[in-house]
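Given next, in structure tokens, is a single chain: the form predicted alone.
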């Protein structure tokens, strides 16, 4: 395998990426759009681009992802895609009848310079958008950012196009969940419901990409935030945004447009981050934390206490999305594990580096943005071999090559199931994560134990 030729010696690379630690913006934009009820994502570019975006999401969620495309050919590539998009909008509403069409750009349409604002206005003037239907858009060039920034851009567009301040404040909180799994979004809603907090969460892919098998095809699942709910976000009295990279732009736009104040929190992965999330809900909504939530927290503490000796001193290397990595680094450090390496391909900025160092210490090697790819991650792993690797499916090759257990986290995960149905956020999510980490540690201990130390009981 080529991985076995990865050198330990680190070299500075400014113009070369080898196996990027991210996917492109349109993938994240498409995922966010699926979190609107009866929304059909539309890729303004070639059929190949749209096929890749759909394929990435379908393979990760094991669900058919519906989306349309402007189907650029040579003519559109030279003269622009306005005619294709106008005809596409007309066909989409005629054939599929969605409530919303969410258009995102690709490399090709960005390089051409198509003005989507103008094209959507023209479609409205020509009557191609039926009454009561909406077309929104965001710019997501694939040659910059990542799937996380694409998600952030589409979520921000939901605020731009839908949110309204009617002058009548509602006793509800907005929750922008960040780039997390449908199971995580469902868990966040459950926690708020347990605490008696009325909320609007957008986007919301729970029930969309982790739905049941009923034997009947449904073009638009029951899940997703409705347009009316997103409109009402402008009348909420507060916004909690989870994850600086994925959720901050939408929260700030909502504050600017509708004067809804916001607080940016880390994703509630692990004990400390979940405590902060629950406490912010309690203070903001003026409610008490119910016994049911305290019970879940107690269970998590019980497992941490019982199994602490197996976590203590274990070294971990992390690769993935910045919002998840900072919270995960904090949680592992709270378990007395040592986070040695954190790498993300997303251009997360120096604030991300500072946050990771606050969570896990200054000795942690943090890399982000250009040149921070799987090749670099492999080199860092070779130089300071950890006990565990946390990352997506692509990290399995490094894990196998270096004989290190892999805990699958982030996006994409193509070769396992469960992430769609079992959360990683909240106390319940942290408990599941602990079980996975402990199983990996104990499986390795059993595999390597001499016969006289091959114990039946932990």
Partner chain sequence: MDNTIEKSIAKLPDAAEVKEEILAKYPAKVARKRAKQIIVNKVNEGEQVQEIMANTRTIPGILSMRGCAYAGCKGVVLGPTRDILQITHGPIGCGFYSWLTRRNQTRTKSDKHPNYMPYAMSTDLQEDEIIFGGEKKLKKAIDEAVALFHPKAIGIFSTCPVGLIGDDVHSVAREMEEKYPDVNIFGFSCEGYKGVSQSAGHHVANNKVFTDVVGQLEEEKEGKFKLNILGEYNIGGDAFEIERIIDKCGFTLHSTFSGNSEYDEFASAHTVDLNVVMCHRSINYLAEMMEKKYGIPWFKVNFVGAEATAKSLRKMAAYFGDKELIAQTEKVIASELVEVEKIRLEVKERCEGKLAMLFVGGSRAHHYQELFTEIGMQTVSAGYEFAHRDDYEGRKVIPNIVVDADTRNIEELSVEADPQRYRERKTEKEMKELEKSGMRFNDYEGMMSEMKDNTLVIDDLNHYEAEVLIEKYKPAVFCAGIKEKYVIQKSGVPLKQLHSYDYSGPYAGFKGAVNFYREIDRLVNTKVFSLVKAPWDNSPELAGNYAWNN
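Note that the structure is a prediction, hence the values are computed from the model and not measured. Positions refer to the first chain, counted from 1.
There is another form of this protein, the form predicted in complex with its partner chain, and it is not shown here; the text below is about that form.
In the predicted bound form, do 24, 63 and 88 all put a heavy atom within 4.5 Å of its partner chain?
So, yes: the whole triplet contacts its partner chain.
Location of its partner chain contact in the predicted bound form, chosen stretch of 402-410, 43-51, 30-38, 428-436 [non-hydrogen atom, 4.5 Å]
Heavy-atom contact with the partner occurs in 43-51.
Here the chain is shown alone; which of 161, 368, 277, 375 has a heavy atom within 4.5 Å of its partner chain in the predicted bound form?
The residue from 161, 368, 277, 375 that makes the contact is 375.
Though its partner chain is not shown, can you say which of 118, 309, 214, 168 has a heavy atom within 4.5 Å of it in the predicted bound form?
Contact check passes for 214.
Please run the contact check for residue 73 against its partner chain in the predicted bound form: heavy atoms, 4.5 angstroms, yes or no?
Judged by the heavy-atom cut-off of 4.5 Å, residue 73 is in contact with its partner chain in the predicted bound form.
So, in the predicted bound form, is residue 422 in contact with its partner chain at a 4.5 angstroms heavy atom limit?
Looking in the predicted bound form, residue contacts with its partner chain do not include residue 422, since no heavy atom lies within 4.5 Å.
If you check in the predicted bound form, is residue 14 within 4.5 Å of its partner chain, heavy atoms only?
Yes, residue 14 sits close enough to its partner chain in the predicted bound form that at least one of its heavy atoms falls within 4.5 Å.
At 4.5 Å between heavy atoms, is residue 96 in contact with its partner chain in the predicted bound form?
Taking the distances in the predicted bound form, the answer for residue 96 is yes, it comes within 4.5 Å of its partner chain.
Only counting heavy atoms and a 4.5 Å limit, does any residue of 176-192 reach its partner chain in the predicted bound form, and if so which ones?
Result: empty, none.
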